[in-house]
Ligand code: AMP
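Okay, so here's just one chain, in structure tokens, the form predicted alone.
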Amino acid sequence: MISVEEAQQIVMNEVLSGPVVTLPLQDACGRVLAGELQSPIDSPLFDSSAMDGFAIAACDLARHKVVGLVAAGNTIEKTLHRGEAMRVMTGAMLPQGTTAVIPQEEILKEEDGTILISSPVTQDLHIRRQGEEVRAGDLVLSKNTPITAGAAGFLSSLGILKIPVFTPPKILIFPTGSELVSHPSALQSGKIMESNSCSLSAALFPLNLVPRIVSPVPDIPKVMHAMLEVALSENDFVLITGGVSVGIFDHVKEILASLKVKTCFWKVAQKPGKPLYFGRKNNTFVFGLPGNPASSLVCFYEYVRPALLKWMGFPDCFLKKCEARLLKPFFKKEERVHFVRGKVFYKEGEWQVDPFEGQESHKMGSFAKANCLAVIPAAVKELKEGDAVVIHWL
């Protein structure tokens, strides 16, 4: 049995970045850049006005003769001389010789083809100079940058309309257990609803990942072997739920070994989720998640989610953390890390966390209300009300 930190490190060392594909910019949002991007142009492309108003050539004069107008989108080749002004629109190209732009609302008087302003004014006032943001050839986005709405807009403004991004993985959710059924109509004595595939697919939704899900697989080795053989050949990640503990019907590890899957680890010193399995066959990664639903979902957040984010090129893979004060005492016997479902909120200038009742691995009611996992270290057996703990945001 290894520690949480060791298990997470093994996962992150084993998992690779996914393949790269070049996509149109509008199809790449939500993905991660797979290479560096340089600007093909200056931005702004020319000196332009930041306001509707008047371009002037002398910042120390009060009176200026209006000699023309330029609208956004027009080309202007005229040069402004001292004492001259030209009406300009926001985004319009400025004539050479422009030293400042005076907003329309700041003109003191306009008559007989002249304008009167308060002088002096600041040099370069309301001027967007060519290349002040980016020069042609400048690095504009680095590899592993997520393509957000802002990134998409920025690249589009530079005329970069196709970019290389990491591809999302193919994921299969593989629930096991002869006791599982998929619909209430099949519930009989001794049967239970299969819920792990629902919670795991819901946890994948914010990552823009849509898994394939197989119907619950019975604890029959020949059936499991045949289905897992196909699953390993067709997917990048196989998320198996159940069958990884020590029961006489827990066949998953032996079947994976017969299929030449390398076991990277099995069992982690944590609660819930101790019988977690992680293995690899070539570039297909296998997580054997505990069958108990709370255990399965905890293991997803702490191990599977970071692995998927690394595959997709994200720079920050683990759940966000902060420190919070416990609102009630906590006791545990085992020298294992405990991931405690709770609700964290900001009050009286600090984060506070309320750990819920119902922490057993088969109970999901506490997960339904939780927005965090409070992390109780392995060596700690007792915490008092008001003690600080690290929480992982869900």
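Quick caveat, the model's predicted, so the values are computed rather than measured. From 1 onward, residues are counted along the sequence shown.
Keep in mind the form predicted together with adenosine monophosphate (AMP) is missing from the figure; the text below concerns it.
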Checklist entry - Within 4.5 Å of adenosine monophosphate (AMP) in the predicted bound form, heavy atoms considered, which of 207, 259, 322, 193? => result 193
Checklist entry - Of these, 136 to 144, 285 to 293, 108 to 116, 298 to 306, which stretch puts a heavy atom within 4.5 angstroms of adenosine monophosphate (AMP) in the predicted bound form? => result 285 to 293
Item to check | Any non-hydrogen atom of residue 180 within 4.5 angstroms of adenosine monophosphate (AMP) in the predicted bound form | outcome: yes
Next on the checklist: in the predicted bound form, does residue 84 come within 4.5 Å of adenosine monophosphate (AMP), counting heavy atoms only?
Outcome noted: no
Checklist entry - Does adenosine monophosphate (AMP) come within 4.5 Å of any heavy atom of residue 176 in the predicted bound form? => result yes
Next on the checklist: Within 4.5 Å, heavy atoms only: does residue 272 come near adenosine monophosphate (AMP) in the predicted bound form?
Outcome noted: no
Next on the checklist: Given a 4.5 Å distance limit between heavy atoms, list every residue of 246 to 266 close to adenosine monophosphate (AMP) in the predicted bound form, or none if there are none.
Outcome noted: 250
